[in-house]
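Given next, in structure tokens, is a single chain: the form predicted alone.
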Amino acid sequence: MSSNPLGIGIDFGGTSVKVGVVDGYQVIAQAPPLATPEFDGAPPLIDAIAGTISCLREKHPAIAAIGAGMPGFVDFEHGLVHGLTNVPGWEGIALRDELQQRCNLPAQVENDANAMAYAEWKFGAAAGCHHIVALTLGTGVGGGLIANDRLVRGARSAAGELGQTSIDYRGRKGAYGNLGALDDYIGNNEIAAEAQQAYAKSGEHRSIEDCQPAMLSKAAANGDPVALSIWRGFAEKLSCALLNCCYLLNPEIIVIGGGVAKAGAVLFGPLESHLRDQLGDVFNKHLRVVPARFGNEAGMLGSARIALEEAGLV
């Protein structure tokens, strides 16, 4: 049993909600996930989360704070969830206060990509760095920024939404009317659709399942020319957004997580090449581009750490 203050980390997703007990950079216990679609709106799911936390506290009495990483726009200062990506019924929810009242513990609510960035900065691939751009690549693109050893949240806690930045001012219209949003070019579904079309042009039929990033990574590693071409195009698009980040923020490290990051060299090789070729020496010389250390636990680790720090417990 740990004598250190423990945190609850909540990783909220459209498919499931994971609740774990965090000790430093480790999730030492995790409850069975809650299936998000089975709950009709926020109140019953908050009740279920609170009940899960209560059960975890019975075995881990050193739990001292609760952090929730949410996939959407969050007002960190006031603990509000403005709305969640692909999860209806979560508009204007005072989640921080709800958790505090139900669990009688200090709580914080953070954007999930910010929580991932925080975990990588404190304990992971960016430990010891001071200026960081972190991304999660999956169904969409999430981002978190650390500058001068501080998490950059912005005026309304909405900074770091790299997926909504433009890579083409005449491009596809995004969710908010923004043109050329990165999200609309390199999300998992977009990659799969592009790959399926590319295979069809080469005379080969592939199901959409066979064109998902994990399958494309294996195919590219085996020298498949279509898969290699898809990853080169992916890297070129992603580098466009990251170039803007580099010239704007001058980071020393870019950390890339999420399922797509598992592509390894077929992604990181061309991505670094595109960046190096287009950055001036001041921006380029000390820049590193690395995969994230933590996988699916990053949101729990980061959100728990933020909550413990805000409560003055670590």
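Nothing here was measured: the structure is a model prediction, and the numbers come from that model. Numbers follow the displayed sequence, beginning with 1.
The following text describes the form predicted together with another copy of the chain, which does not appear among the structures shown.
Although the partner is absent here, Asn148 is a contact residue: one of its heavy atoms lies within 4.5 angstroms of another copy of the chain in the model of the complex.
For the chain shown alone, Phe268 is not a contact residue for another copy of the chain in the model of the complex, no non-hydrogen atom being within 4.5 angstroms. Although the partner is absent here, Ile28 lies well away from another copy of the chain in the model of the complex, with no heavy atom inside 4.5 Å. Proximity of His60 to another copy of the chain in the model of the complex falls outside the 4.5 Å heavy atom cutoff. Proximity to another copy of the chain in the model of the complex holds for none of Gln196, Ala200 and Ala214, with the criterion being a heavy atom within 4.5 Å. Picking from 272-280, 257-265, 30-38, 51-59 the stretch near another copy of the chain in the model of the complex, with a 4.5 Å limit on heavy atoms, gives 272-280. Leu179 is the sole member of Leu179, Ala94, Leu228, Leu105 with a non-hydrogen atom within 4.5 Å of another copy of the chain in the model of the complex.
Only one of Leu84, Ala192, Ala219, Ile167 comes within 4.5 Å of another copy of the chain in the model of the complex through a heavy atom, and that residue is Ile167. For the partner-free chain shown, Tyr247, Leu248, Leu249, Asn250, Pro251, Glu252 of 247-274 come within 4.5 angstroms of another copy of the chain in the model of the complex, judged by any non-hydrogen atom.
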